[in-house]
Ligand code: HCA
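Here's a solo chain for you in structure tokens, the form predicted alone.
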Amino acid sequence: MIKILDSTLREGEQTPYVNFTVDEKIEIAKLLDKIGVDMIEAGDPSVSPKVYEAIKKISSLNLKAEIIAHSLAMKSGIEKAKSAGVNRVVVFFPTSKIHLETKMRKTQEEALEIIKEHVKYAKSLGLKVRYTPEDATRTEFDFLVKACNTAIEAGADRISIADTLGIMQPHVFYDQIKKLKKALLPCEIDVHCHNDFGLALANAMAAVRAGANCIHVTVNGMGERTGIPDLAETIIAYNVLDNVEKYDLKYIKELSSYVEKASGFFTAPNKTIIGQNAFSHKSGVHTNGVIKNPKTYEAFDPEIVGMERKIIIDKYTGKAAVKSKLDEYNIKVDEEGLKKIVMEIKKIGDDRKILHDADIIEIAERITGETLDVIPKTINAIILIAVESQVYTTSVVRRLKNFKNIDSVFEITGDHDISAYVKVDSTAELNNLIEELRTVPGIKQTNTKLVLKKHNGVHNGKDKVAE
């Protein structure tokens, strides 16, 4: 059965500009344990006092997952792992020619002695040991086997094959793991696949088919450069495609969102599984199918990972989607009226990037000749915005200035960081705008205040009321 090791607290924190607090690491570990990952790589205790503190506290939580500390092949690092109370330590030492010669300045014979010495030392402290040959996929095969078997003979029961530069292809990696499985002494095989060519998960799954036992992942695919396999993608791929049901899916979105906020590393809208567009449907053919039966265009129900289905209304829209939207507001139109509304939406959609609910209702009013008392009109509002502490306020301001309904933006002091003055035609449009704002990376919280009366200032001694 496949095992999942999550390395968000180690590999994930190596993402540029990411730095978790101790409390954030503890919360992430607890959520990972709720999902049921088999192992949690909590970090390298030699990195800093706070990393050590986090590992020690996570080790004391009595989680179901095996807690692992990472260490270079250094006795001091292994000792810190032991004192932090982890179940297992990783002894990490490269094997490729370029790493040994240019980075480590060691011969292959010296490398084997270092691997043997430090694995033995970790075992002597009563720790379980995983050996990771860094840059394994660029290592000459016979030496890779020799290095791994040296570690196994010294006491390692797991070997992690690191595709450090993400250069593997699924068929090549399958063959390599198949050969390694035959050549290595008995042990469990992990794979740590980087995503430099977008093949990390495909490579990892190919490795498992060839006999590997465990895939390393991070929440939201974080990590050095372009990261490693995403936790959600990996778990869902095995759940839906291979019927692996050992992990609890309902915490996936909660964990992803928490890590987004804690890290300031925000996922793209088209990110699989947890991206805001993952279950959005736009073209008439797709929306018609999904309204009749979601399985026509969804491989699985979004609710199982805490996501929602969205029907997008714009120039690609068909009648089924528009009727569904009108039904939400209990607006009844005949077939001819529906056709006209759809045609008007397509016409307006050529000139507009986004059509809000208020736009659709306004079109329905024009077509039907009726005043639909659904949404009140003409609203000005001030939206106060709090920004995540690790995010530059100016970067959020730049995004806000691109929203068509935001008239002006101010950076301010106090409990909020930004004030945005908004002009919209309805409460529905205001609600849509607020929902959009909450998806902007870096925005932590919004507080909306409706404007009752706006004063432009004093002119010739008289207060001018604008509206």
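Numbers follow the displayed sequence, beginning with 1. Just so we're clear, the structure is a prediction, and the values are computed from it rather than from any experiment.
One more form of this protein exists, namely the form predicted in complex with this ligand; it is left out here, but the text below deals with it.
Look at 119-127, 170-178, 156-164, 273-281: in the predicted complex, residues with non-hydrogen atoms within 4.5 angstroms of this ligand sit in 156-164. Residue 194 is the only one of 325, 80, 194, 356 with a heavy atom lying within 4.5 Å of this ligand in the predicted complex. Only one of the listed residues (132, 263, 256, 267) places a non-hydrogen atom within 4.5 angstroms of this ligand in the predicted complex, and that residue is 132.
A residue is said to contact a partner when one of its heavy atoms sits within 4.5 Å of a partner heavy atom; residue 13 fails this definition for this ligand in the predicted complex, lying far away. In the predicted complex, at least one heavy atom of residue 92 sits within 4.5 Å of this ligand.
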